[in-house]
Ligand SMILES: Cc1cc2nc3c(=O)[nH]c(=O)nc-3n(C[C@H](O)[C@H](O)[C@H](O)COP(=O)(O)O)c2cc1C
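This document starts with one chain, in the form predicted alone, laid out as structure tokens.
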């Protein structure tokens, strides 16, 4: 079990790395370990609306690199991960609660479809919340496993969707590249002071 101190160290040391060893390959066991950690990420109503496309095929990675304006990390990282979401995950909701006690399942499952139903904006918002949480889980797990990562939005999502055959009613959230760093990230460019972003109980009045 990872201790609290190790977790906090991973949080502090996680940085966005741009240069990866193109000759390093993650094992299938490592990829599975990483993505099983992602499956522990929380989602609203336990909907598990994220979908992960783990790309290791060189041709696919080359195509994604072209869709990412030739950013080298897309093809040179050991794993290029497309994090997507199913906008219709609120449907057929009983599967998410099949192992819950009957009284719990009978209360929660009927709530899910009406809550999201025809609310397109809420469906998208929920997808982005879930994928964002999962992406951070993945990057911290990668760091704990001795790997570095880079979250990316610098790519053409339409082209990437074509490359991975993204189904209808699914959306592309972000890309995360994972591998062995060839050189460390640049120094942090500038953190806002704690007092500028953390307030107690409410925003300060002007």
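Positions refer to the first chain, counted from 1. Just so we're clear, the structure is a prediction, and the values are computed from it rather than from any experiment.
Below, we refer to the form predicted in complex with the named molecule, which is not included among the displayed structures.
J.: Taking 4.5 Å between heavy atoms as the contact cutoff, choose which of 150, 160, 34, 26 touches the named molecule in the predicted bound form.
T.: After the contact test, the surviving option is 150.
J.: Tell me, out of 167, 42, 58, 154, which residue has a non-hydrogen atom within 4.5 angstroms of the named molecule in the predicted bound form.
T.: Of the candidates 167, 42, 58, 154, 154 is the one lying within 4.5 Å of the named molecule in the predicted bound form.
J.: Residue 16 near the named molecule in the predicted bound form, any heavy atom under 4.5 Å?
T.: Judged by the heavy-atom cut-off of 4.5 Å, residue 16 is in contact with the named molecule in the predicted bound form.
J.: Would residue 123 count as touching the named molecule in the predicted bound form under a 4.5 Å heavy atom rule?
T.: Residue 123 lies outside the contact set for the named molecule.
J.: For residue 86, is any heavy atom within 4.5 Å of the named molecule in the predicted bound form, or not?
T.: Residue 86 lies outside the contact set for the named molecule.
J.: Do residue 131 and the named molecule share at least one heavy atom pair within 4.5 Å in the predicted bound form?
T.: No, residue 131 is distant from the partner.
J.: Looking at 86 to 94, 115 to 123, 101 to 109, 71 to 79, which stretch has residues with any non-hydrogen atom within 4.5 Å of the named molecule in the predicted bound form?
T.: One stretch meets the cut-off, namely 71 to 79.
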